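Consider the single chain below, provided in structure tokens and representing the form predicted alone.
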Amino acid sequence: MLRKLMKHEFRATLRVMLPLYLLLVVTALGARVSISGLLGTESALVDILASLLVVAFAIAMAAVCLVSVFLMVQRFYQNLLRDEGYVMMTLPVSVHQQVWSKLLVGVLWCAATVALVCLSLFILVFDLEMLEGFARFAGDVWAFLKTEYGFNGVLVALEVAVVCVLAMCSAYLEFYCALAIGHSRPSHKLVWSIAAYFGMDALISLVGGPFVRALASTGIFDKISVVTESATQATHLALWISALVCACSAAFYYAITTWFLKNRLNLE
């Protein structure tokens, strides 16, 4: 059933994201043409047109990034917390499946957006000589790190990917959690949701600061620095600690979100 929910969610969001992606690619090509041949000409009209194409690309890139987040939060809000919630909550699926379908599709679109933004920037600055020089430089750095420090680039890339996915999950779930809390109230639901979002941030800051200081007072960080004999080990450890922190925060938000949806949701 989770697969069917994700399929429906993907189709619904594809109608919005696909045109935006096409717009981003087209504006990237237009900006590329502007930079390579139109800017700096003797015609003021051509210069203005070229500048507008570059501005359009910047606006399109910002719009894609914002919409990829806003749309997933808006889908959660509309489907589960508004009038559609009466129908969605009567389906033969659990609250966990509802939340996971929204979360997984959101993470997929976020990853696709990052990839497309990188592609569009590559289109904008593409130069064959620069690309060859960058490839040689990256190869030299990779070989140096591997020879001197035993650096495993593939493993580090996988660890960074894990951290990024967990961070995206935590970010989406924080929005979901705030909306779920706010919509347990009888009125002014969005106001309560905004208050819950900033309240959770403040609470985590108040609790997290003293917790880190308490850990530091135990000398655990000094022990860790002794255990990590090289910069490579320190890098791996830092990435795994980051992944653990993101996973804990995501689990925290997920638990609160599902509890409020099961026990305190107010659709009136």
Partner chain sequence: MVFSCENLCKCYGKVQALEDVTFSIQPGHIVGLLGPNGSGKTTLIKLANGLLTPTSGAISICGGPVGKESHSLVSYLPERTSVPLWMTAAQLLDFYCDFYPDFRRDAAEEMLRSLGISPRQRIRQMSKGTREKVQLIATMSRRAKLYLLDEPIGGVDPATRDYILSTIITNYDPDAAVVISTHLIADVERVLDDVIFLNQGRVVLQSSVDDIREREGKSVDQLFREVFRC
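Because the structure is a prediction, the values reported are computed rather than measured. Numbering follows the first chain given and starts at 1.
The discussion below concerns the form predicted together with its partner chain, not included here.
This chain is displayed without its partner chain, yet in the model of the complex the stretch 82-90 from 171-179, 82-90, 155-163, 118-126 comes within 4.5 Å of it by heavy atoms.
Among heavy atoms of residue 74, none comes within 4.5 Å of its partner chain in the model of the complex. Shown alone here, residue 248 lies farther than 4.5 Å from its partner chain in the model of the complex, counting heavy atoms only.
Heavy atoms of residue 244 never reach within 4.5 Å of its partner chain in the model of the complex, leaving it off the interface.
Remark: residue 18 does not count among the residues lining its partner chain in the model of the complex, judged by a heavy atom distance of 4.5 Å or less. For the partner-free chain shown, 262, 263, 264, 265, 266 of 251-266 come within 4.5 angstroms of its partner chain in the model of the complex, judged by any non-hydrogen atom.
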